[in-house]
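Take a look at this single chain in structure tokens; it is the form predicted on its own.
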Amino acid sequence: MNIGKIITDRRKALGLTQQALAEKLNISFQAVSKWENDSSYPDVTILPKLAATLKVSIDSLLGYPSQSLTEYDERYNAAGYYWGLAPNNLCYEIMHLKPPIKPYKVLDIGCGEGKDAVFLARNGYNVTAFDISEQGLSKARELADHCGVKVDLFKADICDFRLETDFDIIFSSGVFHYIPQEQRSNVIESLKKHTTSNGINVINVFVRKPFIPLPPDIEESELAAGDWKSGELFMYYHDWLFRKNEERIFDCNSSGVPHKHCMDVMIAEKY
């Protein structure tokens, strides 16, 4: 287990001293020093907060590769940008509802190769983004550099990363179907808690319909997470103001084999 080196590398990458990290965790800096020297290991009860502070998944913190990583790294390793460079239409809806008259803080969950995060940064938003694929993040950094904008990019898994700071806009496209059913309430409550007053959550998720066959490129991790039902996403936000809640069926050719998807799309405002 190389957790000591991982903690050291992540702490330094974030510009934190041992004392600063210790203060965030409410422990002594000597404890951090012992972890980094491999004299002791963090208690299991502190792992979620330690991972969140260092902006990594718990699996990554412990040195284990994520099970859902390989396929996306392969996709993003190809020349060009797998999803293209055109921003998601939801980005334009964000600009309509929250025009960048001030540097709103945006979190892009599952940013992939960074096309949406970079687009929003180019239009004046203060953007933080994370993804589980290191290859995707590498291309996102290249895109941000090419466009001359700053995006705070880091590697994390939505299933075990929890926020510690608030955001005006939380955006996620094509990611929520990886969240296991038993974790959904906890993940979403964390997002809601860390959304500023009058802030918005802009999310879509694939839902199952009995009359639509499973897509040919469905991953094992998606099946293991369990299906999202129609309207399930909306129910988690029943106490917010809906700016958009719709369900749509569309054609897809992502695997080279034509197929269909059904997706729930939501923009909800905290009030």
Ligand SMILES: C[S@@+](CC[C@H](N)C(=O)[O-])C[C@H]1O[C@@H](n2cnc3c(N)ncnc32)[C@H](O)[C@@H]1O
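What you are looking at is a predicted structure, and each value in this text was computed from that prediction instead of being measured. Start at 1 with the first residue shown and count on from there.
This next part talks about the form predicted in complex with the named molecule, which is not shown.
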property	result
Of L153, L143, I158, I169, the one that lies within 4.5 Å of the named molecule in the predicted complex (heavy atoms)	I158
Residue (of F130, Y104, F119, Y81) lying close to the named molecule in the predicted complex, criterion heavy atoms within 4.5 Å	F130
Proximity of P100 to the named molecule in the predicted complex, heavy atoms at 4.5 Å	no
Heavy atom of S173 within 4.5 Å of the named molecule in the predicted complex	yes
Contact test in the predicted complex: I94 vs the named molecule, heavy atoms, 4.5 Å	no
Non-hydrogen atom contact G110 with the named molecule in the predicted complex at 4.5 angstroms	yes
Contact segment among 143 to 151, 71 to 79, 187 to 195, 119 to 127, judged by heavy atoms lying within 4.5 Å of the named molecule in the predicted complex	71 to 79
